[in-house]
Each structure stands twice: as C-alpha cells, then as structure tokens.
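What follows is one chain in structure tokens, specifically the form predicted alone.
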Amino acid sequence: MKLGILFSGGKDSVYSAYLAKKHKHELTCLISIFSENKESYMFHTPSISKVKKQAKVMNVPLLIQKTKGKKEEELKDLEEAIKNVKQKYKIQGIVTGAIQSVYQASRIQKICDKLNLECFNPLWQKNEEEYLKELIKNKFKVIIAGVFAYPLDKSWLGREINKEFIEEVKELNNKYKIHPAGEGGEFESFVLDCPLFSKPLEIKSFKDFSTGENSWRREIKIK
C-alpha cells in the first residue's frame, strides 16, 4: 500500500515509518507540519526544520505544511497537507506515531475518514519500555531534543536513548509518573540514524533555549 508518513523527525514517526516498510508498504512521501506555536497540541516542534536532512538520507519526498498552530484550527492545515499528497502521490493511507494520545489519534482518524484514506498507528498502546528497547535493538540512534517536565532539565538535552536512559526514565516513572517514552509530552526526540537512513546524520552545532519553567529545547545544525 502507498502510504504517507506524518513525520516530525522524532522517534515515534520514524519508527512507525520503519514498521510500515518492514510490513512491505511503500513509503511514498513524508508530511511535516511546521508550527509557529511551540506549545502545539498536535505537532512536534524542536529542530523540526531538520526533517529536510532526514528526508534526504531516506530518499523519500517531503511535503512541508506551515501552520499558525492554533488549537483545532491547525487541523485544517494538516487536512490540507494530506489532501495535497493524496492528489500528488496517490497515497492510500496515512501512518502516525501515536502511542497513547487519543486527542491526536482521533483527529487524524477523522481527517482520514473524510479523505477516504486508511489510518495506521503501528505504535498504538505499545508498552513504552518495550518500545524503547526495540529502538535500540533495531539500531536507532535517538537523542533528546526537548524536555518539558520536572525533574527533567537542560542536562537531558542531547542524551541518547540507550540502556542507561531506559533505567533512569523507569525510575522517574516510579517517582514522578514521567512516561518512559515521553508520551505525556515530557520530552521530544530527534533521530540521527536508523535502518531507513542511507547514512547517519552528524550534528555540526547546537543551541539550547529555556522556554519556561522546566522547559528546554535544543536546536541542532546538521553537517
């Protein structure tokens, strides 16, 4: 099946694309939403512009849709983007990286129903700890690009998701109810390498920004 991937550059969307390809579907195009609202309910924002570099090493066409990021109104921009790729690439379905967010999954499903497209959520209700271990097993190099919940702080930016990371977030889950895979919005990630990439991405430089109490994001430059 020809599929469009809702693509943020983070672990969830990239791994969902990987699973779709593993099940013999065609990754026809990537759809990225560039939101002006850093607190978007729907869309990932840290280092979002670097999806262009990821698309290049994936050798998959990328469609970028800009949005003001106003709640609910941003869904009209998402619908417009999906409608455009359906017309241009003749896709038959959409892949999302939703794990537990009913807010996101239900709204994307509604758009797919309206446009007569299948909606695939390969990670839906997946155990978060098992998911993180799968990332490592399948050779995904993932770093933390943003943190948005106590007790996560600036020191977590740039950390790679590895066995040590998993053990620490398990402890944070027990103590502070932090979701191990950041599904509660506690952190955002960026994929530097995976089996879908023709070569790893390398970070040239970065800048860290405080965006509020217990809120930090890292903007990276890729070589």
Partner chain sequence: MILLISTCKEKFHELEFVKPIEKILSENKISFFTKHHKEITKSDLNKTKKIILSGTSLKDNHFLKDLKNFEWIKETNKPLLGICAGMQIIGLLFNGKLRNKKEIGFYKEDFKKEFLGLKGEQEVYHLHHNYTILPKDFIKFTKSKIPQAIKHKEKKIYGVLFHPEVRNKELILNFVK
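Numbering follows the first chain given and starts at 1. Quick caveat: nothing in here was measured; it's all calculated off a predicted structure.
Just so you know, the form predicted together with its partner chain exists too; it's not on screen, but the next bit is about it.
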Q. So in the predicted complex, does any heavy atom of residue 23 sit within 4.5 Å of its partner chain?
A. yes
Whether residue 84 contacts its partner chain in the predicted complex should be assessed with a 4.5 Å heavy atom distance threshold; does it?
no
- [ ] Would you please decide whether residue 148 lies within 4.5 angstroms of its partner chain in the predicted complex, comparing each non-hydrogen atom pair?
- [x] no
Notebook entry, point to check: Would residue 120 count as a contact of its partner chain in the predicted complex, using a 4.5 angstroms cut-off between non-hydrogen atoms?
Noted result: yes
Among 88, 110, 141, 133, just one has a heavy atom within 4.5 Å of its partner chain in the predicted complex, namely 110
Applying a 4.5 angstroms cut-off on non-hydrogen atoms, the residues of 1-26 near its partner chain in the predicted complex are 1, 3, 16, 19, 20, 23, 25
